[in-house]
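The chain below stands alone, shown as structure tokens; this is the form predicted on its own.
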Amino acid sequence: MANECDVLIIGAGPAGLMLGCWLARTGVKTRIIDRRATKITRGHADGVQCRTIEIFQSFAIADRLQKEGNELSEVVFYNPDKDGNLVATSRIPDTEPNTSRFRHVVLNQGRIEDFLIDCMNTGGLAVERSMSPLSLEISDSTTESHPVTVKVQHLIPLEKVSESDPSSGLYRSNILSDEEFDRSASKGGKIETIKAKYVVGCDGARSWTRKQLGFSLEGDSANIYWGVMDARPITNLPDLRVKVVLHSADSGSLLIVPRERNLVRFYIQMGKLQPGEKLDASAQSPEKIIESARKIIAPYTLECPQVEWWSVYEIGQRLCKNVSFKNRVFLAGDAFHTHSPKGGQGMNVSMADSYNLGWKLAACAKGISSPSVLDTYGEERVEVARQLIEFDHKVSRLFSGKPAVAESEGVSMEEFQALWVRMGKWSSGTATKYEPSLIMAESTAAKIGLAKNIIIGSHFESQMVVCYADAHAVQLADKLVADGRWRLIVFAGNMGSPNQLQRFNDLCSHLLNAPESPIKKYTPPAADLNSVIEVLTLTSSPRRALPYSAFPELARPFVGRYRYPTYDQIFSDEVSYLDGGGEAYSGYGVDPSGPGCVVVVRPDQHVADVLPFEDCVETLALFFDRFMIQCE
């Protein structure tokens, strides 16, 4: 007998765990399996960009990351002078000012996975380890509810990596051949059949899922290999607790990233390879990595008596342009894009893939949305991955190139730094913008005029506002929690103006009662009014301008069995007693004395449309009718 689930996730790295958080939070029957007996505990990815922390905030786990991680504030560039001596040539902020309310943080991947696992566990989902997929079949039947069949084998671990060499990350390195990589797998155990509505391969660069679909990664290699290590170094290099980008005259380059617990991450250029040449993994060691680092930073000295983790990898950029098959099997993360780690993007973009896909799978599995929304996953995320590959290609080659010193030819350090600065906002993750699609409206001049600083396709940025009911200062984006709901953020304007108040009341009445309204049409009869589409209201007038009880029902719905009133959906753009604020309308580019507008926000916090009050309901009806399924 086959065991059934809505979604089967193959791979429990950051991409798979992020997807698991979405599905557990939205009540979708899910299983997540991983071939390894234990999770990683040290090393691997470490940079967590601003937008990723915003995503973590939507799951209420950002505070754990900020508490344990190390915030990066500055980048210093060391380059050779005309005599070839290393000197600090410039300093810039690590995160461009006004990028996000969060800052770039570094923390080892193992702890980040712990946070995601705990988040999943609260929704009743746990990783099933020592399970390896064997076969995948997809039925063409249009009547079968669970058309994807995956046979998996429960494995008996033969050896734990942590018992052989706890500091080495080579067992996951791309310098290993597929045969060497597979040697770490355990053998034996029973075989189980799982039938699923959807399967998602989050199983890394050597993705089993991708191979079953017949897809492949395409790209090239730079034929350059680098070492990476986490250590507590002893050195006279003066800048060890800020990020250091260092080019030596003749010995290569390195990147220094200060980590949590006084650790330091080193990325060290080690050598070139001939086309087709493969590194001998057995010949790599932390001692070789340290020796390369010493040559690069000379005349500064370096000792690393304690190395917590190390590995060696080859630089390359590869992309699989096919990320789904029949809208039943999907790829996420390294399964469809791989690149170097120096841009601090891999784990972040991988989790952003899952954050994009998770709510769409949940909506389809629960019968809220039609399968057509799943087409937008590839449309949106392949383009982001393409931009990532392009960025990484440029950075990696400039990073690995010999700098131009005096009259010698080489990489321009000014060009390298200019690229680093130019790509700062993009690398933070906050510059991602999705193009018009089934679930993303076109941007027009009229819409831009309503909210000049809100960009359709980009994520909804946060501003400090004051909760109407209790005077608490809150970040408005904190209300966009990851629970699968769409949001209508209503900029209601001045509630002290009788004319504007009437317009706002008319809008709420129309949204609540008009037969074509998506709130009326797509909210189940017995469900709470805000269960599918939640309305958040922000006034430009102070809280005293209108009593809370005078707001229409849609703005403060009654929920639950006993019809309790809600107190957390209406806000004022006034100055908090203790926390400032009062500049939200200005920050969003909305006229506080103007006619107001409605911002449509997807479950993944990306702005889908900006609408005037007039014709708002009709336009929303046309938009949601394209992909939502009406309740019976």
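Being a predicted model, the structure only gives us computed values, none of them experimental. In case it trips you up, residue 1 is the first one in the sequence shown, and so on.
Unshown form predicted together with another copy of the chain; subsequent notes refer to it.
For another copy of the chain in the model of the complex, the listed stretch (238-246, 212-220, 445-453, 123-131) containing residues with heavy atoms inside 4.5 Å is 238-246. When contacts are judged by a 4.5 Å heavy atom cut-off, S586 does not count as touching another copy of the chain in the model of the complex. Although the partner is absent from this view, N322 stays clear of another copy of the chain in the model of the complex, with no non-hydrogen atom inside 4.5 angstroms. Another copy of the chain is not shown here, but in the model of the complex it comes within 4.5 Å of a heavy atom of E96. Proximity of I234 to another copy of the chain in the model of the complex: non-hydrogen atoms within 4.5 Å are present.
Residue H472 is the only one of K479, H146, K521, H472 with a heavy atom lying within 4.5 Å of another copy of the chain in the model of the complex. With respect to another copy of the chain in the model of the complex, the three residues G276, Q387 and F623 uniformly fall beyond 4.5 angstroms at the level of their nearest heavy atom. Of the residues in 294-328, those that come within 4.5 Å of another copy of the chain in the model of the complex through at least one heavy atom are, in sequence order, P305, Q306.
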